[in-house]
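In structure tokens, the next block holds one chain alone, the form predicted on its own.
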């Protein structure tokens, strides 16, 4: 096995191929605090890509209610249980990745979900963690909690599916880092299904080959964000490009959120795949759960997000840009109360106010001489 550097775990690790980062890396940030689990993203993806025979159970995009929801059932807790102790020393992960914990004769640590594991995509929906004695009451300390986690393929820097495929049918595109399956070379061994700890590769029982989220690369080639992004009514998503930490740019929205403000974190970085979809953690969830899901930077990320509304905050401006354009956002700028998405050439794609205007309507309309029954 080769030795590669994974900046998300702060050290070198073992991987089956040498480090070969693409020219540009597809990346995205999801704000969990804004997701309402309307599943518009799920339906947009489903009707666009997986409405055929053999694809009935496939959800390239899905939204889970945490802590109990997971599709397929318990994929996250199962891989964490198989992996064993996951110890962090500051920002450095001292435990084993799924590549380093591989059983003898295997390329990595993984498992095949059972058919029944895919039978309940809404398991745990809207279920809360904890309980309140004497019935529900208002409590700012959140004695009970839940949140929604929207998921797509992470288009990892070190994909487990790619490492496991005995046919070499899985590859990363050099132009954008999106992970794809060459279905002409696939023979349906399902090693990719077993390998992916996020369980975002699926086997089509009709065509007998594997399929997965393609990052809507045909749209990306026209600088358009994926369907699940453009249809999101909660405006929780933004797609752009990510650089290595040493090459981070402050005018790059993904770099700014991930590397500079460190408010957006990868999903289960301890697995070792260096995923390229990042999450702004929910602000009301116990820290222990967030660390398990997003790593040791969770507390700092939550505190930074809570302070985002400070006067003239560039972070608040950028968060307000989420969902304001269907174009990929490679650059941005915030000044004079407005935030703009910019093209690679610095041209303005869209401009939005950092704060929405507030209009106070009186209870009595003097012009028409009538009271207003609704003044909101």
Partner chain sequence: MLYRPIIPCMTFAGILIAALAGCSGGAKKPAPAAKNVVALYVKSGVGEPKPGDKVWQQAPLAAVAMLPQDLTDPKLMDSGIPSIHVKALCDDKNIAFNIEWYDSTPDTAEVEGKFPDAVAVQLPPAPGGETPDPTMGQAGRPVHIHFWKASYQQNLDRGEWSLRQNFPNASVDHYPSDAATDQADKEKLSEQFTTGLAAGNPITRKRTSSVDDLIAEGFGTLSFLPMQVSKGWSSWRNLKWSVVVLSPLAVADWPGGPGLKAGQNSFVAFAVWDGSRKQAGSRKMRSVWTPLALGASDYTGQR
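These numbers were taken from a predicted model, which means no experiment stands behind them. Residue numbers count along the first chain shown, from 1.
Although not depicted, the form predicted together with its partner chain is the subject of the following passage.
S.K.: Does its partner chain, in the model of the complex, lie within 4.5 angstroms of each residue among 309, 313 and 340, using heavy atoms as the measure?
M.R.: Not a single residue of the candidate spot has a heavy atom within 4.5 Å of its partner chain in the model of the complex.
S.K.: Find the only residue in 335, 345, 53, 348 having a heavy atom within 4.5 Å of its partner chain in the model of the complex.
M.R.: Exactly one listed residue reaches within 4.5 Å, namely 53.
S.K.: Sort through 218, 245, 85, 166 and report the residue having a heavy atom within 4.5 Å of its partner chain in the model of the complex.
M.R.: By the 4.5 Å criterion, the partner-contacting residue is 166.
S.K.: Could you tell me which stretch in 180-188, 299-307, 246-254, 233-241 has residues with non-hydrogen atoms within 4.5 Å of its partner chain in the model of the complex?
M.R.: Of the options, only 180-188 has residues within 4.5 Å of the partner.
S.K.: Residue-level question: is residue 294 within 4.5 Å of its partner chain in the model of the complex, judged on heavy atoms?
M.R.: Taking the distances in the model of the complex, the answer for residue 294 is no, it never comes within 4.5 Å of its partner chain.
S.K.: Please check if residue 92 has a heavy atom lying within 4.5 Å of any heavy atom of its partner chain in the model of the complex.
M.R.: Contact check for residue 92: no, nothing within 4.5 Å of its partner chain in the model of the complex.
S.K.: I'd like to check something about residue 126: if you look in the model of the complex, is any of its heavy atoms closer than or equal to 4.5 Å to a heavy atom of its partner chain?
M.R.: Residue 126: no, not in contact with its partner chain in the model of the complex.
S.K.: Check whether residue 101 has any heavy atom within 4.5 Å of a heavy atom of its partner chain in the model of the complex, and answer yes or no.
M.R.: Contact with its partner chain, no.
S.K.: Output the sequence-ordered list of residues from 107-123 with at least one heavy atom within 4.5 Å of its partner chain in the model of the complex.
M.R.: The stretch touches the partner through 107, 112, 113, 114, 115, 118.
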